[in-house]
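Here you get one chain, nothing else, as C-alpha cells; it is the form predicted on its own.
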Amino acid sequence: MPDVVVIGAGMVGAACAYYAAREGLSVTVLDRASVAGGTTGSGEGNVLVSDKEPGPELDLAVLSCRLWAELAAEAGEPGGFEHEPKGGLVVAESDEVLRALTELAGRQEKSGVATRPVAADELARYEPHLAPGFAGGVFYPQDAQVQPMLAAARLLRRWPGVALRTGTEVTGLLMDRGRVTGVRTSAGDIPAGAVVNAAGVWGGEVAALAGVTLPIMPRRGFILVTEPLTARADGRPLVRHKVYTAAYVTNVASDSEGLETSAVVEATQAGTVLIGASRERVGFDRTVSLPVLARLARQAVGLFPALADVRAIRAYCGFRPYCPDHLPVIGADPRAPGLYHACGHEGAGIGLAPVTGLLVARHLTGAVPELDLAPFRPDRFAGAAA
C-alpha cells in the first residue's frame, strides 16, 4: 500500500510526487491518459512573478521561482528540462500605462520581486527587434521558462519511491467513516494513506467523489507556434526574453467569460516562437478559432514587426483550471480527511508546481509549511455550486 496516491500526472502532480518521495513517502501517480496529457502539455512553460499582484499568489511565485532554479541546478543540462532564466520584459503602450506598471512593480518589490525600470530609449537594448513607439517598460529578471512536458516526465523519474500508472482512470474514492483511504480505479482498488487531487481542470470532479465541492472551471487558451527561426547575425534569437504588453496582467486577473487576448511572445530553445495569449470560458470546446489565432498573430506583429514574414506551423489550445478568486486550492480538505488538493492554478500551474508540491509534502509529513496555506484552503468557497 503506498503512503500517497497522486491523481494526475501533469506538472503539479509530478511536483507533488517528487517532493513527497523526497520526504521518504512511497507514492503512486495515476493518470487516465498520459504524462502531461492535459493542461501541462498545452502551455508555454511559464515561470512568472511579473504578472501577479502582491498577495498570496505572488508569495507562492517568488518561492517557486527559487525552487525551479534549484531543481534546474540539480538536474543539469543535458538531462534537465530546458529551464531558461531569460527574464521577462513588460512593455507599456502609453505614459499612463507605464505609470501604472511602474507603480505595480514598486509594490511587487516589497514581496521579494526584482524589477528594473526600462526607459523608452533603452528598450532596444533588451529587445533590438521590438516595435518602436512604446513608452517604456519594466524588466523582471526572475521570470523564466521550462519545457513543461519534459519537466513533468523527468520529475516523475527523479526520485525513488514513485510508481507511475498511466491509462488508469480513477472512478471513485475509498472511504471509511468519512475518511478517504484510497482510490477506486479502472484497474482495481488502491488503498493509500492519503490521496492528492492534482487533476487540474478535473479537480472539481475528483473532489465530488468525496462529496465536497471545488468550483474549478476550464478557461480555454490558444497558442500559435512559428517555424524554427535561425539566429540573427549576432547569434541571438529574434526574441530574447519573454515579452508582453501590460494588458496581459489585466487579462490574467479578469473574471470575464468572454474572449480576451493580449500579446505574449517568447522564443524556445528549439528556435520556434510561441505566441499567446487568449482566455475565454467556453467549457471544454476544442474547436479551433481562426479569428482568435488571427488576433494573436496581429498582436504579436505589433510587438515584433519581423514576425510578419514568419510562418506559423501549428496552433494548439488548452484549458486552464480556473477558480473564482484566481487562487489555487492547496492543502488538506477538512471536509474529507485524508484528501489533499493541489489544483486550480489557472495559467500559473507550471510556475507554481514546485512550491505546491513542497507545501503538500509538508502537510503530508506533518512538517510546518514555508507559507501560510489559509488563503488556499479548500473549504473557502462557501455556498459555491459544483
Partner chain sequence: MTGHDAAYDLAVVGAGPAGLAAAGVAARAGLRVALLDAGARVGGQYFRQPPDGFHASRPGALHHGYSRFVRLRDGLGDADVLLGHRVWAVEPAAGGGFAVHCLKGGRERATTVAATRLLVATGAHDRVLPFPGWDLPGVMTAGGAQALLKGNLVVAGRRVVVAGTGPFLLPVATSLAAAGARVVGVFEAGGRFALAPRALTRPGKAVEALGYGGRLARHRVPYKGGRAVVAAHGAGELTHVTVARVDAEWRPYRRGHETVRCDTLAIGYGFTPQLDLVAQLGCEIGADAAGGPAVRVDRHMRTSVPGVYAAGETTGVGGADLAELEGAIAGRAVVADARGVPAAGDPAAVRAEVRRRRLAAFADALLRAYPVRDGWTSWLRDDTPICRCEEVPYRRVREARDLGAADARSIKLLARPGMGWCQGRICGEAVARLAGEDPGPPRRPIAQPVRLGDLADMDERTSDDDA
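Quick caveat: nothing in here was measured; it's all calculated off a predicted structure. Residue numbers count along the first chain shown, from 1.
FYI, the form predicted in complex with its partner chain isn't displayed, but the following is about it.
Chemist: Tell me, which of T185, T213, T226, T245 has a heavy atom within 4.5 angstroms of its partner chain in the predicted bound form?
Modeler: None of the others qualify; the residue that does is T226.
Chemist: Looking at V301, L98, V180, L104 here, can you tell me which has any non-hydrogen atom within 4.5 angstroms of its partner chain in the predicted bound form?
Modeler: Partner contact (heavy atom, 4.5 Å) among the options: V301.
Chemist: Within 4.5 Å, heavy atoms only: does A33 come near its partner chain in the predicted bound form?
Modeler: Contact with its partner chain, yes.
Chemist: Would you classify R154 as touching its partner chain in the predicted bound form, given a 4.5 Å non-hydrogen atom cut-off?
Modeler: R154: yes, in contact with its partner chain in the predicted bound form.
Chemist: Taking the shortest heavy atom distance, is V162 within 4.5 Å of its partner chain in the predicted bound form?
Modeler: It does not: once its partner chain is placed as it appears in the predicted bound form, V162 has no heavy atom within 4.5 Å of it.
Chemist: Given that its partner chain is not shown alongside this chain, does Q142 nevertheless sit within 4.5 Å of it in the predicted bound form, heavy atom to heavy atom?
Modeler: Answer no; every heavy atom of Q142 is more than 4.5 Å from its partner chain in the predicted bound form.
Chemist: Would A192, A332 and V368 all count as contacting its partner chain in the predicted bound form, using a 4.5 Å heavy atom cut-off?
Modeler: No.
Chemist: Name the stretch, out of 124-132, 292-300, 84-92, 109-117, where some heavy atom lies within 4.5 Å of its partner chain in the predicted bound form.
Modeler: So the stretch in question is 292-300.
Chemist: Out of 291-321, which residues reach within 4.5 Å of its partner chain in the predicted bound form, heavy atoms considered?
Modeler: Heavy-atom contacts to its partner chain in the predicted bound form: P291, L293, A294, R295, A297, R298, V301, L307, A308, D309, V310, R311, A312, I313, R314, A315.
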